[in-house]
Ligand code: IPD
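First, one chain by itself: the form predicted on its own, in structure tokens.
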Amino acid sequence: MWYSDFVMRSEPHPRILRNTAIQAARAAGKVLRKFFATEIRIDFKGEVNLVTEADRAAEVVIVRTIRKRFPDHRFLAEEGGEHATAESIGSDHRWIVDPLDGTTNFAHSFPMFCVSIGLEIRGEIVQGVVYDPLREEMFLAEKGKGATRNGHRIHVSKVEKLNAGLLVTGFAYDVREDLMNNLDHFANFSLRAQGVRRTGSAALDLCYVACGRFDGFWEMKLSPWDTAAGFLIATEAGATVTDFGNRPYQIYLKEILATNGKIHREMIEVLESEERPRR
């Protein structure tokens, strides 16, 4: 193996990985700000599942920015799926990207959306960046190093009881077709918690749990790019993150429950309190 090949495929320093992710997130955020509140092309991936030219443009910028520094890394992105080159085949590094989390909000000029970039190395998420370009909030986490918002350490809330908690959730794009649509859980939690919100961005929901704005978050049918970065940020901020059965969460699961830890058991009890509807 030539020396140049060894350098290219050696383990990058975490600081370089983090700075590259930040650079990519900021570049994508600039693209989103340019498109926001303007007339844009909107396509439909389903009856209510949108994709815009802003999604595609932001993803191109992210992939280009990271690939320029790491041409041998792989990508899993919402719009482009698996991005691979001859150089990246067999790479241990995979960037999991949602260029615009909150597309429906964006398409309606509702200012709640973000860029989400997670880095998976040998099956483990080790870096996470979530950037809100309108509020200029950059959430960061590195495995084992804690989480920050704009450079300041963040921690989950200290709320101890569900009835004092502010929760957040979301609904899958097949909410009209599938009886497993989360509406029963939404109703149950609305009667048990102090309040329930729906922001339309799972990545921001997880970051808001991480910094204590929400006390708990649950959702169904998410994809890896929805949670890769936010899951790490929440975990590093002290959150407890599992599936609905209290099993350790992985980004390829279809259920996620993230809480400050203190109300986790109560939330699981609510999730298990009603038999889920079946067809």
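Numbers follow the displayed sequence, beginning with 1. What you see is a predicted model, and the numbers here were worked out from it, not measured in a lab.
Omitted here: the form predicted together with the named molecule. The next part is about that form.
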{"property": "Answer option from A202, I125, A193, L140, heavy atom within 4.5 Å of the named molecule in the predicted complex", "result": "A202"}
{"property": "Proximity to the named molecule in the predicted complex, single hit among R198, K145, K161, H108 (heavy atom within 4.5 Å)", "result": "R198"}
{"property": "Partner proximity in the predicted complex: D184 to the named molecule, non-hydrogen atom cutoff 4.5 Å", "result": "no"}
{"property": "Proximity of L222 to the named molecule in the predicted complex, heavy atoms at 4.5 Å", "result": "yes"}
{"property": "Contact of L100 with the named molecule in the predicted complex (heavy atom, 4.5 Å)", "result": "yes"}
{"property": "Heavy atom of E120 within 4.5 Å of the named molecule in the predicted complex", "result": "no"}
{"property": "Option from 185-193, 131-139, 148-156, 163-171 whose residues, in the predicted complex, bring a heavy atom within 4.5 Å of the named molecule", "result": "163-171"}
{"property": "In the predicted complex, residues of 129-149 near the named molecule [heavy atom within 4.5 Å]", "result": "none"}
